[in-house]
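Quick heads-up: it's one chain on its own, the form predicted alone, in structure tokens.
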């Protein structure tokens, strides 16, 4: 306890220096927590992908439509368990700036392919029975203050209504949540049949197919069979795992992993220099005091441990405050960015990584001053003083 008290007194003897150093570490871990959470959100589509789920798109460009007949033809291929399809609606709410991710789907098969979407049984039944209704993700519902029973107008920047205009009126029959916290619930679903009957153009075309295989080991053979089946047709296909498809889609906006690594590395490198320099100066100022402690019988290894503990406490103090700040920042951003990003979650893996980096930061910045204190010669120290 005496050693911890001495560490505490040394750590707090210059409060302004303690504040500035802690603040620097706070900023580093604030950045780390926020950036890693953003990375997790952007990669959630990859991480949450089912092993046996495949996506079939037009070979030329995934924005080109596929014939509706491909649904039954794909279902007939050996190894395919369940097939569904989706169309991009290009939706927005009230004004074009309020973009809302909206898909026209075949309800029952879509929910079968995506079992991670959790809906109350009565809401599920109501949505399936009402073609003019919409199923809303929990995240987007909270962002807009929507609830079951509300009527909302949704407009499309691609399609037009056969009765004129580009707006469809829907009643919200259900709100779905994710089986896991990271499951994306920031989009809306409505009936493909209703979409086909009310749009002024587009016919029976579909945007893409999503299917599950009997076993993930069959993914490659099923993908090849699908693409071979539609080879040399007017709409050739490109089939990949959902994980590969989502990863390729994310990489269109750049190498997110490399960008995030660069930001985090520069923040930590800067903090490493600042904290390391602070610790070296702090120990140099206490040269005579360390010599006195050794004269009083403090073993060199004991002083070595005290310096390392001081450095680690400093790292954990700033780091934990930084993670707390990141959590508050993420909570605020999660509500305001619900229309644009999946769920922002400061999860356990990020917390464990952060704790590891705090310990590493404390050890790296404290090791040189600790060794200097360990090797300090009493006579030399008093002469220097």
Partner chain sequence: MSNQNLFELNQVAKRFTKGKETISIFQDLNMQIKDGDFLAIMGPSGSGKTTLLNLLGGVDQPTEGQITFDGQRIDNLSESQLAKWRANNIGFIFQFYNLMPMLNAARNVELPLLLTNLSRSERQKQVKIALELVGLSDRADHMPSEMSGGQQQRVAIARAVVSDPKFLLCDEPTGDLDRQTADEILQTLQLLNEKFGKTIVMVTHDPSAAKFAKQTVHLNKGEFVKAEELSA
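Positions refer to the first chain, counted from 1. Take the two forms, find the largest set of C-alpha atoms that superpose within 1.5 Å, and that set is the rigid core. Just so you know, these numbers come straight off a predicted model, no measurement behind them.
One more form of this protein exists, namely the form predicted in complex with its partner chain; it is left out here, but the text below deals with it.
- Contact with its partner chain in the predicted bound form, judged by any heavy atom within 4.5 Å, is made by just one of 221, 72, 99, 300: 300.
- A heavy atom within 4.5 Å of its partner chain in the predicted bound form is found for one listed residue only; from 196, 177, 294, 305, this is 294.
- Shown alone, this chain has one stretch from 110-118, 87-95, 284-292, 311-319 that lies within 4.5 Å of its partner chain in the predicted bound form by heavy atoms: 284-292.
- Looking at residue 10, you'd find a heavy atom of it within 4.5 angstroms of its partner chain in the predicted bound form.
- After superposition on the rigid core, displacement of the C-alpha of residue 164 between the shown form and the other one stays below 2 Å.
- Put the two forms on the same core and the Cα of residue 302 is off by 2 Å or more between the shown form and the other one.
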